[in-house]
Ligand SMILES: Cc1ncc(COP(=O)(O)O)c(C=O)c1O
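Here we start with a single chain on its own, the form predicted alone, put down as C-alpha cells.
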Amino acid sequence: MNISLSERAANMPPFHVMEVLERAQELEREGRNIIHLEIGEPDFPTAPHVCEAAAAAMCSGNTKYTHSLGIQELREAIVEDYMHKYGVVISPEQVIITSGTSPAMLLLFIALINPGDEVIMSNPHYACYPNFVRAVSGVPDFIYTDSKSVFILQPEQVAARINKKTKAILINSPSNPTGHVMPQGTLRGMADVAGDVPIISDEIYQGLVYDGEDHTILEFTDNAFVLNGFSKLYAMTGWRLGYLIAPKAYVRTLQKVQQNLFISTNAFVQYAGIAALRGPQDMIKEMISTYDERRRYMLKRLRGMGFEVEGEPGGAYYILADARRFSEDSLELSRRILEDTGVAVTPGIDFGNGAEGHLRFSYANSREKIEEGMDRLQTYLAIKTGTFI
C-alpha cells in the first residue's frame, strides 16, 4: 500500500525518553528488574484530598462540558496562587484551563505562529519544543548554551538574536533537562531585552526549587505567556490538567482554538485542581525535602563515577551529566546501559545536539532504587573503562 504522510509528521523525530521507557517496559515483561531513572514523573501518589474532590465531583454529576476557558473557581484559585506566591496580579479572564500543559502549548503556537515565524529557544531544550513550533510551520531559532553558564539562556544572547522574524522567546525554569533555575536578574534581563517580543515561560516545575528563590516571568513583564499545570508539583501527571496565562488581548483567539480543538477540559479533574491549590500543602513540603535529599545523593554518586555536572541543579528533579568520558554517542550509551545493567536513563540528544554526549538522570524514584541504579551503573562503567572506583 502506498502510504502518504505529511512531511512535518514523517520528519518528526521520536521522543527518545519515551522509547527508552517503552523498551524498559518490554524488558520488565520479560522478567528483568529495571531501575527507572529516565522518566520525569513523580513517584509520589496524588494527595488523598485531591482524589476525594474528583470523586465527589463525579458523584455530584460534574461530568459535563465546562466553559471553554475552564471552571471559574479554578481560574480564580490559580490567580490567588500567583498572588500569594509571587505578588503578581492577574485576572481569571487571563487563565485558560487545558488538558495538560502540552495542549496549552499547542493552542499558543497555533494562535501566535505564521509560517516562517521564528521562536528563540535554548539548545539544550525540552525535547518537544521545536516539534511544536515546526508543527505549525514555525522555525525554532536555537541559541546554544554551555556548561559555563549552566546551560541557562542569557539576555545578551537573546538581544543579539532578535530579528524581524522573531515571534516569541521561549524559556523554561526550573529547567528540563538540566534542573537549573533562572536567577531573578536573568529573568528581569530577559524581560528588558525582549521589548515587544512576547516571552513564553514554561513554569511546569515551578515550586520544585531547592537552591535559591522561585520566580515567575510575570513578576517582570506583562508581555508574557505562562505555561503551567498540576503534573509535577502535585504529582498529577495522569490527570492531564494544565493552564495557560495570557495577556488579555490574546485570550479570545486562544479560546476559539480551544473550542474547536478540545472543547473543554474534564470537569471533575478541574475540581481536583481546585482542591490541590486550596487544600493542605503538607505533602508538597515532604516531596521537596525528599527530592532534595535524593538530588544531593545522586550528584555525589555521579561525580564520583567520573560524570561532570556543572553547578548545582537547583530545581525540578533532573541532572544533566556530561558522559563524554565514556561515549560521544548518548543514544547508544543509554541503550547499552539499559540492556546491560537494567538502568533506564535518557540520552542527551533528546534535548538537542547541544546536549549530545550527556545523559539525563531523574531522581523521581525512591532512594533505595536510586542507590541500586547508581551501584549498577558504577560497576558497568568500571568494567567499561577498566577503572574500579
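Residue positions are given as counts along the sequence shown, with the first one as 1. Computed from a predicted structure; not experimentally measured.
Heads up, the form predicted in complex with this ligand isn't pictured, but that's what we're talking about next.
Contact between Ile319 and this ligand in the predicted bound form is not found at the 4.5 Å heavy atom cutoff. This ligand is not shown here, but in the predicted bound form it comes within 4.5 Å of a heavy atom of Arg240. Mapping the unseen interface onto this chain, Leu233 falls outside it, with no heavy atom inside 4.5 Å of this ligand in the predicted bound form.
This ligand in the predicted bound form is approached by Gly100, whose closest heavy atom lies within 4.5 angstroms of it.
Only one segment in the set 215-223, 260-268, 197-205, 71-79 has residues whose heavy atoms sit within 4.5 Å of this ligand in the predicted bound form; it is 197-205. Checking Met105, Leu277, Ile152, Val158 against this ligand in the predicted bound form, a heavy atom within 4.5 Å turns up for just one residue: Met105. Shown without its partner, this chain lists Phe307, Phe142, Tyr291, Tyr126 as candidates; in the predicted bound form, only Tyr126 has a non-hydrogen atom within 4.5 angstroms of this ligand.
Although this ligand is not shown here, in the predicted bound form the stretch 159-190 places heavy atoms of Asn172, Asn176 within 4.5 Å of it, in sequence order.
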